[in-house]
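Listed next as structure tokens is one chain, alone, in the form predicted alone.
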Amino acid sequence: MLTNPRSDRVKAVRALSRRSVRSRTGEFLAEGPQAVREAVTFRPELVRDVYVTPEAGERHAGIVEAARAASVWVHEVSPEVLAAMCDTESPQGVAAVCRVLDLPLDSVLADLPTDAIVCVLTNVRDPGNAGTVIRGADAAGADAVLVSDASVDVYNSKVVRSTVGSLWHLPLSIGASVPEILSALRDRGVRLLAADGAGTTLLHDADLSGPHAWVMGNEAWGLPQEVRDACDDVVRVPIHGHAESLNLAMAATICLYASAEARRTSR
């Protein structure tokens, strides 16, 4: 059992809370039983080490078994060691060091189906929003999430936690510029739908047939005019009550589910 919270191994894991270290090592930390369970189940080849306290190991025996079955190193650690490794104040007893899983933009787009649904995050800065959008895209059956270089680092621990494991369920491309993403999608015949409160097309009137991508903007200022102009349509979710606006993640999930329903009825 690892019991020294000041050991070099613990310090190295803790250092993954810094973006510069994640970029240099190509690794990040996934915290909590749900995130680790999905990682060892869906992408075990990307999991380097699993760390688990004795109590959590008994409670989440399935995670430990799945990790060992996939030849992933499982380390028993004291609660103090896990707390020193993790970013959260109250870790849930399980964490895993994982390799990054994003793919080149061209690779993701080459594998899109003919009725693809894609989500593009242009300047999304809030970790919770970014993670929840990825989770919503997964739930709606989207085929890919593309995250621009101007958005939050998806391997930020808050983003990883907010995805609740969806990070390992669908293709993800990170780091291309917004113009590069939009141009690449257009070249592959994917229609671009800007989701923005300034849109003149209501969601229920939008053309959601064929391959299309929802382009989502910043939480505070939405999409800049040049991005809206680069899209085929600007669509807004109608607000029937007195709410001023919708949270970005809520709006993205509503739009993605509308696309999923349109695809379901057309098949």
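These figures come from a predicted structure and were not determined experimentally. When you see a residue number, it is the position in the sequence shown, counting from 1.
There is another form of the same protein, the form predicted together with a further copy of the same chain; it is not shown, and what comes next is about it.
In the predicted complex, segment of 178-186, 92-100, 74-82, 165-173 with a heavy atom within 4.5 Å of a further copy of the same chain: Answer to the contact question: 165-173.
4.5 angstroms heavy atom contact with a further copy of the same chain in the predicted complex for E261: Output for E261 is yes: heavy atoms within 4.5 Å of a further copy of the same chain.
Exercise: G141 in contact with a further copy of the same chain in the predicted complex, heavy atom 4.5 Å: Residue-level check for G141: yes, a contact with a further copy of the same chain.
Contact of V227 with a further copy of the same chain in the predicted complex (heavy atom, 4.5 Å): Judged by the heavy-atom cut-off of 4.5 Å, V227 is well away from a further copy of the same chain in the predicted complex.
R161: touches a further copy of the same chain in the predicted complex, heavy atom cutoff 4.5 angstroms: Looking in the predicted complex, residue contacts with a further copy of the same chain do not include R161, since no heavy atom lies within 4.5 Å.
In the predicted complex, the one of I239, A198, A69, A61 near a further copy of the same chain [non-hydrogen atom within 4.5 angstroms]: None of the other options qualify; the answer is I239.
Stretch 240-265 - residues with a heavy atom within 4.5 Å of a further copy of the same chain in the predicted complex: Counting only heavy atoms within 4.5 Å of a further copy of the same chain in the predicted complex, the contacting residues of 240-265 are H240, G241, H242, A243, E244, S245, L246, N247, M250, T253, I254, Y257, A260, E261, R264.
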